[in-house]
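Just the one chain here, the form predicted on its own, laid out as structure tokens.
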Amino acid sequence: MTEMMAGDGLYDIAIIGGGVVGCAVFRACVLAGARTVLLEKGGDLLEGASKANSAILHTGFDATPDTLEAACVQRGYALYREICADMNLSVVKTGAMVVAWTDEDLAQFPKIIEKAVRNGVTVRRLDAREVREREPALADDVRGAVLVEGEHLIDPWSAPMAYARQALLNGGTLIRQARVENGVRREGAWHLDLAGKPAIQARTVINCAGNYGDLVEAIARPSPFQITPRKGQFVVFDKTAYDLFRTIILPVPTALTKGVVVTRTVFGNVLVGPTAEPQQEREFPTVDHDNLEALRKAAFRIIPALREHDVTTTYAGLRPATQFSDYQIEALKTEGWITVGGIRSTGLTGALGIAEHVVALYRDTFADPAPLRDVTLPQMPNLVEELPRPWMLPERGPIACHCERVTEKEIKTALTDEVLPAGTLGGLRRRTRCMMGRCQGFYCTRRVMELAETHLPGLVTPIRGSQRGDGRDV
């Protein structure tokens, strides 16, 4: 099954929101046997909160015990480890250290260890000598650390793309540019009005709308939670810094945030962030000089040698925080509705666990379809530096993006994929990493546009009138 037009009969389930959680729920519902449609308001998946995060597969060692978030994160962690090899998804074991720099930090270690034990995660306390032996590049005044061996790095975009792709390969339906404007429930089914498209009908709606979760929830009821997006800014150092360290470096957390993380990425960079800034803007996260400079200084404080390496880019993401500390997931039997709200920074790890929980709610509350047999598995292209990539092959053909070593063949494949082709330039970048390297597209943008212009309408416009130039205005 591939992408379909709206108005295609009555579905068992309509999912609103194509972020990482929506994609995971989409996969779980289809594999459970429900006729399911995923509605995404953007031109491609992962256009909202899920396009920016720290790309870490968490053990859940620091989650609040006995919460729904802790249960979903731990289950999601286990499920990802189970399926990643079958889908050719990356997982790079690095471990993490919660590092103490002061007596006050050291005083928090017993609580951190106790919480990890209650969450069933094995951790180990290291003294200053052991920390320096593991990571010599850390600043000399490190006082100790709590080591969490089970933390991993993953590709934050290929994973949710794989979930959606498996759903499509097994009979699911995706409609992009499908913003839900309103809905009414009559005769046991929801009639959802889509902007500029025919209405969709479904017996059950699952709200996975992320930063718009409370606004979508108002279709079914006055929302019991309010989204206050929490902005996180990040600084990305050049690949030259990659070999400075391997372990994810975490601070001792506070009540508001887990603090500034210094970590490698699976793409060969070093990432520093995020900030934690509550705001009202839901769509466009911005970066600012003062916070980025504070992140840079924090990075230098932790790993002084980072001063010798360039920053190649910065970015920011918005996480759908609510007034509650736990996930807001609930089935409303009378309304034919399942709420999946308040999924913050742990959503990437927790997505598969959330999806499993949501399907259990669906079976207990609404219907119990027969699970699919002979399920088709997707095979995702590898973008991870530690594994072989297409540019290494003799038959690779021309390279379009030399910073990230992306071949023209990879770009053409992402644009012409029969199941889930790139729908936007951002979607193309997330599928291939073109234009995401050291030059940030300065050298490769023209060639990428030439390859993409017939597949992404409106991407390239001709220069008109008195505008100068002999090519195209991108």
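All residue numbers are counted from 1 along the displayed sequence. Remember, it's a predicted structure, so these values are computed and weren't measured experimentally.
The form predicted in complex with a small molecule is left out here; the points below concern that form.
- The listed set 245, 267, 212, 337 contains one residue whose heavy atoms approach the small molecule in the predicted complex to within 4.5 Å, identified as 212.
- Residue in contact with the small molecule in the predicted complex (any heavy atom within 4.5 Å), chosen from 178, 249, 306, 252: 178.
- Judged by heavy atoms within 4.5 Å of the small molecule in the predicted complex, the contact stretch among the candidates 388-396, 362-370, 288-296, 311-319 is 311-319.
- In the predicted complex, the small molecule stays beyond 4.5 Å of every heavy atom belonging to residue 143.
- Interface residue remark: residue 430 is not counted as part of the site for the small molecule in the predicted complex, having no heavy atom within 4.5 Å.
- Contact annotation for residue 185: none of its heavy atoms lies within 4.5 Å of the small molecule in the predicted complex.
- When the small molecule is considered in the predicted complex, residue 48 lines it closely, a heavy atom lying within 4.5 Å.
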